[in-house]
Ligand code: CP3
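Read the single chain below, which is given as structure tokens and is the form predicted alone.
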């Protein structure tokens, strides 16, 4: 049973639907993470996957940024690869160098052959990932209707890049598969699409009020390969989210040259990175809401620099409905929390001249 929406219609959800809001909503990708002392305190005692599988800890780290910074939306704390063990892949997260946080994901039995693809199982969220739905319910109990909760999944290409490469080793093997065995690649994307749909449907049923699809590495593909190996699957995921009635958000990087086409995939919101001016993105994709696009590196500098850049983006976005302030990618390790707070406060206080 899906939990009710926040008590009042929230500005974040209204902005996603391109409706007028009283002020700009703001949240930040990776707003729960290693830059926070509260998150590091939790991680001192548990591994990353252990955290992702604990509803109590999921709720604690998801709600912390709302309590500490006052963001206008929470996003489920999880990982785009959390379902891979249920699909038959041996996933672990390597320990990073001392003082540098977590290492990257590692898959001991990567997908390399047609037989490997055939062996993959589409997960059953209720059976294989019960802690995610339980975490969603615990988060909403902690949020108590203050802000909406965003669920998320990884897009097929991005998840495949880890599954095929065996971790964070690039894209060579996966891109080679597209040309050497296109049928095998399509079979892989089909299973990952099914996995994405059942996961996001389960998150929404548990109480998520919006859904974001992370295709972080899709900028690796040219237009022909996007049309052949990515866009048809993303259309299906967008359609599945639309059927639930919650707003859908597409996130990618390095895709400014394909913005008009991405805006036609069926998502309500398209997130853009810092490589395109926000006013240009708004002009080129008038049929969707736009989310973005502060360069997260700015937050590593003086607080005034981040505030200045953030306010310039708000001004350039213009007063037309359908804009959500965010970063072009996630908050980086080592970002001073006070810089995050300064930008959140400035955006929330912003009004167009």
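Numbering follows the first chain given and starts at 1. Since we're looking at a predicted model, the values are computed, not measured.
Not on display, but discussed next: the form predicted in complex with the named molecule.
Exercise for the section: Report the stretch among 35 to 43, 280 to 288, 303 to 311, 317 to 325 that approaches the named molecule in the model of the complex to within 4.5 Å, counting heavy atoms only. Expected result: Looking at the partner contacts, the answer comes out as 35 to 43.
Exercise for the section: With the named molecule left out of view, choose which of 140, 78, 248, 271 has a non-hydrogen atom within 4.5 angstroms of it in the model of the complex. Expected result: The option sitting close enough to the partner is 78.
Practice task
Counting non-hydrogen atoms within 4.5 angstroms of the named molecule in the model of the complex, say which of 189, 171, 152, 131 makes the cut.
Solution key: Going through each option in turn, the one that passes is 152.
Exercise for the section: Find out whether any non-hydrogen atom of residue 53 is located within 4.5 angstroms of the named molecule in the model of the complex, and reply yes or no. Expected result: Output for residue 53 is no: heavy atoms all beyond 4.5 Å of the named molecule.
Problem - residue 104, heavy atom within 4.5 angstroms of the named molecule in the model of the complex - result: The answer is yes: residue 104 has a heavy atom within 4.5 Å of the named molecule.
Practice task
Evaluate residue 194 for contact with the named molecule in the model of the complex, applying a 4.5 angstroms cut-off between non-hydrogen atoms, and reply yes or no.
Solution key: Close contact is absent here: in the model of the complex, residue 194 is far from the named molecule, nothing within 4.5 Å, heavy atoms only.
Handout entry: Contact of residue 233 with the named molecule in the model of the complex (heavy atom, 4.5 Å)
Key = No, no contact at 4.5 Å.
Exercise for the section: Can you tell me which bits of 205 to 224 touch the named molecule in the model of the complex, meaning any heavy atom within 4.5 Å? Expected result: 214, 216, 217, in sequence order.
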